[in-house]
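To begin, one chain is listed below as structure tokens, in the form predicted on its own.
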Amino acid sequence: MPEDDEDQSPPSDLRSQPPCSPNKSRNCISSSSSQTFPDHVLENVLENVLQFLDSRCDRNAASLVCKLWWKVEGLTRSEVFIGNCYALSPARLTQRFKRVRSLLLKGKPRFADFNLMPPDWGANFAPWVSTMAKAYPWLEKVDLKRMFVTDDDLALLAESFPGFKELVLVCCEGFGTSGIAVVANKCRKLKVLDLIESEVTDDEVDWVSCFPEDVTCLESLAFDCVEAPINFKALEGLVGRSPSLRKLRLNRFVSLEELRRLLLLGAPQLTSLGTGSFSRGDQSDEQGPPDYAAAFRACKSVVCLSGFRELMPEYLPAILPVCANLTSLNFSYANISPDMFKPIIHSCHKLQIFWALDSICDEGLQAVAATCKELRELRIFPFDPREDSEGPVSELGLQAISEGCRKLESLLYFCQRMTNAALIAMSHNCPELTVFRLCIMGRHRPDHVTGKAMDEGFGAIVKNCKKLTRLAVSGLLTDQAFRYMGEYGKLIRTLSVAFAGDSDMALRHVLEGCPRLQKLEIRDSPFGDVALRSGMHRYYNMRFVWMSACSLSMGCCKDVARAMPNLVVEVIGSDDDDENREFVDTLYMYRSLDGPRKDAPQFVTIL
């Protein structure tokens, strides 16, 4: 999952205009100063200064200095991040920022990835692209995550921005190959077209053939999520006339033989490669199989390798020539046994990012720990996600990683059993952790050795990993674990909770003790009205709160909505839910500068 990505900014780059205080600099109140400067002179100076600020956090801070800084910062910002598409209206965006060239916009909350949100909930891109088409004809980049994007939206985008260069769609839906074809055809300066874990409808359109017939500007092309056959001859031609292509990620309809031909054509400049199916397909060769290793040997610049869909194990050694230079390896679609995996990983000494299925077992993780001393990020996904499955990774693999990969900063680990001792060891061995997400798939599972709750293990993580900003907890947890979070988790910005806690006091510990909490995701936990009310002093400073299958009453949710008018309180149910129901199935709360949205479907009640 590309989820990801933990941003360090507030929910959006927009702020209400700051008041002019007598304690601010004299630039703010020139009339009271002994030496005055015309406003346009000060604006020119500020513009020249602020253009060197790239960080969103720095720019947000600068905009709060005084009214003049707020105004000039709005005129000079070219990149805007909006963490919730309903936190403000598109009109407010264009009023506040006049020269935007790049927009990063997020829609549905993360729990939508787990089918916890109805598909027609919203997060439509249409109002945004129609507004920007009028205000920002110079727009160059759009990066969307969990948005509903239609073919018409993509057509309008392609027609409205003649200099458009980058389109990134992560976990988006609503569009098909027809829309992609329009972008490929009309965006003549396109550099990046990345479709990542999005649902793309097969319209039986040959979109690859729609790119310009002359030399292209393409630097990145990722379509591994597109579940539709492609015109390989057109793709071969596109790669051949794209001398700047650095990233190429293929879908499962591209066979290993076709990949070999592409590598021999465009290998010298590629740095990131998604291999496609990694099986031979229907090709036959009377002289024996081609030398696939030779094709990879030509890829001297590749440092990121992914794909491996429909893997045929006998061909996996072909990637060995590139392993020594890899910094990122993604096996999250490959069902690989430890015996297949170990010869590969033993050559990956430079690896910093590694994703895989749990089919590599604890034995494979031990091989990672012995080899990858520079590892910064590890994600282990379940091959069989059922709660009652026999998980092949456990505390043994995690302990090995903590002992061998001491520079680890980010962990996502799905397993069926865990111990407090393994978590305590990781907290001491990997103090640089900023992201720790442990998903024990069976509900309410204790330490499988001692039978005790997992409180002390998670307590050690929040106590000893002092840079922790993102935490996901699971297993048998009592209120004590949440007390540790409130006491030590002072930098936590995102907290995900599933099947955990004893009472409302657990959530109260978090809401009162984690001052930087921005995103709170809770499902199937015993938190009710008292817990919800305990955070009313915090909700205006958070991006969102999600609570599903908890113990919330409709009356309490209404009370919160009345007490906090700038907070949008959505109750999500089904089309046939009774409006007078006593309890709430799903609560989604977020702050908004422009009030409740106008496109809520029937199953959403805005209180």
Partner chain sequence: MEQLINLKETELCLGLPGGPDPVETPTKSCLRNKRGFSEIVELKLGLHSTKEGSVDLNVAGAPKEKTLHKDPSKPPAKAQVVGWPPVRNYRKSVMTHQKCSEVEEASSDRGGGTVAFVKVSMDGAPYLRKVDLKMYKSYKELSDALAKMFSSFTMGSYGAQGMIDFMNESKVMDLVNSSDYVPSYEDKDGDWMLVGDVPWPMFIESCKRLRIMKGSEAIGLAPRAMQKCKNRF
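This structure is a prediction, so every number in the text was calculated from the model and none was measured. Positions refer to the first chain, counted from 1.
The form predicted in complex with its partner chain is left out here; the points below concern that form.
Asks: Is D151 a contact residue for its partner chain in the model of the complex, using a 4.5 Å heavy atom cut-off?
Replies: Yes.
Asks: Does the 4.5 Å heavy atom contact test between R445 and its partner chain in the model of the complex come out positive?
Replies: Contact with its partner chain, yes.
Asks: Does the 4.5 Å heavy atom contact test between E173 and its partner chain in the model of the complex come out positive?
Replies: E173: yes, in contact with its partner chain in the model of the complex.
Asks: Answer for R252 alone: is it within 4.5 Å of its partner chain in the model of the complex, judged on heavy atom distances?
Replies: Answer yes; at least one heavy atom of R252 falls within 4.5 Å of its partner chain in the model of the complex.
Asks: Heavy atom within 4.5 Å of its partner chain in the model of the complex: which of D291, D524, E512, E487?
Replies: None of the other options qualify; the answer is D524.
Asks: To verify the annotation, which of these, D202, E432, E374, D339, has a non-hydrogen atom within 4.5 Å of its partner chain in the model of the complex?
Replies: Only one option qualifies, and that one is D202.
Asks: So in the model of the complex, are S55, D58 and A298 all sitting within 4.5 Å of its partner chain, heavy atoms only?
Replies: Zero of three within 4.5 Å in the model of the complex.
Asks: Can you check 237-245, 393-401, 193-201, 161-169 and let me know which stretch has heavy atoms within 4.5 Å of its partner chain in the model of the complex?
Replies: This holds for exactly one stretch, 193-201.
Asks: Mind listing which residues of 530-550 have a heavy atom within 4.5 Å of its partner chain in the model of the complex?
Replies: If the 4.5 Å heavy-atom criterion is applied to its partner chain in the model of the complex, 530-550 yields A549, C550.
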